[in-house]
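Shown below, as structure tokens, is a lone chain in the form predicted alone; questions about how it binds or moves come after it.
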């Protein structure tokens, strides 16, 4: 499986899972742009790691909820690395907030939707014309089992991750005749990133809910994303693939 010479954009690539997605894609031959909004320095540091692997890389400031920043950012990436052929919508907000709908502030709801769902809309809208022109493209949206199972105190996060699955299926239909696939990875619990912002007793309870009784290694998710970004996945589109160690299975 090779992605040699492809240009990928990973949103939210400044750390955590996004960093690993970028590194795995680079090892398979991609040149990679990584966005950071609040953590641009970290995104640039990840880009430096990728350049150390012999690939071209770019850390770029991009608030995915801002249409203007997305359009200008995509143009900058195209100018420095080439047209984007692979898009990984990884940027997310609100994952560790545990606030019931009665107590949730409307501003928090608006921000989560703006980044998690409207952000994916903005990036897809910006890169898809180039994919149509080329007649090839891969879009991978990072959803969550919170979107398929619900999550206590996570109404905004759950709603956006459920919405991503509907968006995924629609884009799959719209891109199919131009050899553009769009799939979602529905992630469970992974060892790193926001999971360590959750209090330890809750982390232990969550892991007990997983059939494999462990958190996933980030590369176990990134490897699935890499497959969906490759030519080998050319007949897979519109799917929501759970990568969660059996967290969605009935366990006791």
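Residue numbers count along the first chain shown, from 1. Note that the structure is a prediction, hence the values are computed from the model and not measured.
Quick note: we don't show the form predicted in complex with a small molecule, though the next part is all about it.
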Using a 4.5 Å heavy atom cut-off, which residue among 187, 226, 50, 58 comes into contact with the small molecule in the predicted complex?
187
Note which of 91, 84, 117, 180 lies within 4.5 Å of the small molecule in the predicted complex, where distance is taken over heavy atoms; exactly one does.
91
Partner proximity in the predicted complex: residue 213 to the small molecule, non-hydrogen atom cutoff 4.5 Å
no
Is residue 16 close to the small molecule in the predicted complex, meaning a heavy atom pair under 4.5 Å apart or at it?
yes
Does residue 142 reach the small molecule in the predicted complex, with heavy atoms at most 4.5 Å apart?
yes
Might residue 161 be said to contact the small molecule in the predicted complex, defining contact as any heavy atom within 4.5 Å?
yes
Flag this candidate site as yes only if 62, 157 and 195 all have a heavy atom within 4.5 Å of the small molecule in the predicted complex; otherwise mark no.
yes
